[in-house]
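The form predicted on its own is given below as one chain in C-alpha cells.
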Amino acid sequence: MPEVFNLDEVGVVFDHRYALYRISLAFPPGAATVVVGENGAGKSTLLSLLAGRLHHHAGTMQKNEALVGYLGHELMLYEDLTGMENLAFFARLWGRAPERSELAEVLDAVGLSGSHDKVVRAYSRGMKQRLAVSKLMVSNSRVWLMDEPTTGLDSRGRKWLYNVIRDAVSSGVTVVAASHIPAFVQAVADRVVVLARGRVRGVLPRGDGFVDQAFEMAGEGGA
C-alpha cells in the first residue's frame, strides 16, 4: 500500500524563519507514529501541515486519498450544545447520520455515560477531551492526526485513550500523534519521529529502550 504521507525536503517558514527545515519522512498506513521533541521543536507545525492547515514553502509533499481527521489543541466543540448534539453534528459533517443509539454507544465508550444531554460548557477539561476524541471515532477518516491527545486526561483517561488508539490501528487506521509523555509513546507507538529545532533528528522503530532513546535525542539541541 502507498504511504499515507510522503514528505521530501519539506520546509515551512514563519516570520522569515524555518519552523520545519528539510523534512523527509514517509508515514506508512495502518501504523502509529508518535512525534516527540521539546517545546518549539516543530511538532504542532508538522501535524498542522499534514492536516492541510498549513502550506509548505519548500520541497514536496504527497498524500494519498485517505480522509484525515484532526484533533488539535483547540477542540472545536460547540459549548452551548450537548455532548450528544455535538457528536451528531460532527457525524453529519462526515456525511453520516448515525442513530442516537450508536452515538450513545460511542459516548459511553469514551466515558461520558450520564452526560449525553449535558451542555458541553458544563464539562470538565478531561470530559471535553474525551468528546473531542469521540469525533474521530464517528468519522469516516482512516487517518487520525492527534496533537497532545492526553491533555486534560487523568491516568485512567490516558489508559482509555491508549486502548482507543491501539484498537483503531488494529482496524487499519493510521495514527500520527505528537506527545511529550513517555508512557504514551510506550503504549501506542510503532515508531517515533524525533524533532529538534524543526529538523528530523531521528526515526526509531519500536524496540527495547526506544522510548528512552527518543527522549534523550529530543533533549539534545532541541528548541
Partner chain sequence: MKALGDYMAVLQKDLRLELRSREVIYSILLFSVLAVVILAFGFTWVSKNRNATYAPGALWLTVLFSATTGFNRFFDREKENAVFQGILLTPVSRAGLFLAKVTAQLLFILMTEVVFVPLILMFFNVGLALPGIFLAELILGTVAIVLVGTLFAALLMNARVRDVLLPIIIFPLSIPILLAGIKVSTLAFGAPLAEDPMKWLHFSAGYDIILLILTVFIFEKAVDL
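Residue numbers count along the first chain shown, from 1. Note that the structure is predicted; figures quoted are calculated from it, not measured.
Form predicted in complex with its partner chain: not shown, discussed below.
- Taking the partner from elsewhere, residue 123 is found to have every heavy atom lying beyond 4.5 Å of its partner chain in the predicted bound form.
- At the 4.5 Å threshold, heavy atoms of residue 53 reach its partner chain in the predicted bound form.
- Using a 4.5 angstroms threshold between heavy atoms, residue 109 stays clear of its partner chain in the predicted bound form.
- By the criterion of a heavy atom within 4.5 Å, residue 99 is excluded from the residues contacting its partner chain in the predicted bound form.
- For a residue to qualify, one of its non-hydrogen atoms must sit within 4.5 Å of its partner chain in the predicted bound form; all three of 74, 77 and 80 qualify.
- For its partner chain in the predicted bound form, the listed stretch (183-191, 35-43, 60-68, 154-162) containing residues with heavy atoms inside 4.5 Å is 60-68.
- Taking a 4.5 Å heavy atom cutoff to its partner chain in the predicted bound form, the contacting residues in 89-105 are 89, 90, 92, 93, 94, 95.
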